[in-house]
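One chain comes next, on its own, written as structure tokens: the form predicted alone.
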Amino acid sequence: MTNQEIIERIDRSIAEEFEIDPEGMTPEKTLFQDLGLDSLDIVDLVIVLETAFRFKIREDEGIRKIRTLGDIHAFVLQKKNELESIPR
């Protein structure tokens, strides 16, 4: 899966889960002010991402720094790269 495909999957998953117009989803959009999410939605967001990408992120400290849609993109791409670099 390419980085662009991952970003599209993130956006699509969030748009579906929170009934957000995908046309308005740009990387600079903030989760709380622009997308209208609240603290309970963030718990759902974590579950959506874990389900979509099949890795755990709840205990990752990086999740606390996420403020924008672009931050989510960067976080998931970083996790993907970390997991791919682990020898199997």
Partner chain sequence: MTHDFVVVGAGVSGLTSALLLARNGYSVALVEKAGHTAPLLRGFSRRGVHFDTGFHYAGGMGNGEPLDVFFRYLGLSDRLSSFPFDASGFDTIRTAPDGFEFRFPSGYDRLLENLVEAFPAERSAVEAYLRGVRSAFDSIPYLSLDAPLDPNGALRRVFGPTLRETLDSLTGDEILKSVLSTHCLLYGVPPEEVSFQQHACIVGSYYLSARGIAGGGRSLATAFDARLDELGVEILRGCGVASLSVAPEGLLRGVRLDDGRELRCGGAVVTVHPRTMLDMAPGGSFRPAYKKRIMGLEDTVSAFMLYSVSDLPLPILSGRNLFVLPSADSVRGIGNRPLEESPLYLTAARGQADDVPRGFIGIFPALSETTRAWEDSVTGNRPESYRRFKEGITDRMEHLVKRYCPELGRATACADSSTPLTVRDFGNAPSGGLYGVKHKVGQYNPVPLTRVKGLYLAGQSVTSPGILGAILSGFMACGNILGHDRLIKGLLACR
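All values reported here derive from a predicted model rather than from experimental measurement. Positions refer to the first chain, counted from 1.
Omitted here: the form predicted in complex with the partner chain. The next part is about that form.
- Taking the partner from the other structure, the partner chain in the model of the complex has a heavy atom within 4.5 Å of a heavy atom of residue 36.
- The partner chain is not drawn, but in the model of the complex it has a heavy atom within 4.5 Å of residue 59.
- At a distance threshold of 4.5 angstroms between non-hydrogen atoms, residue 17 is in contact with the partner chain in the model of the complex.
- Proximity of residue 52 to the partner chain in the model of the complex falls outside the 4.5 Å heavy atom cutoff.
- Using a 4.5 Å cut-off on any heavy atom, the residues of 24-45 that reach the partner chain in the model of the complex are, in sequence order, 36, 37, 38, 40, 41, 43, 44.
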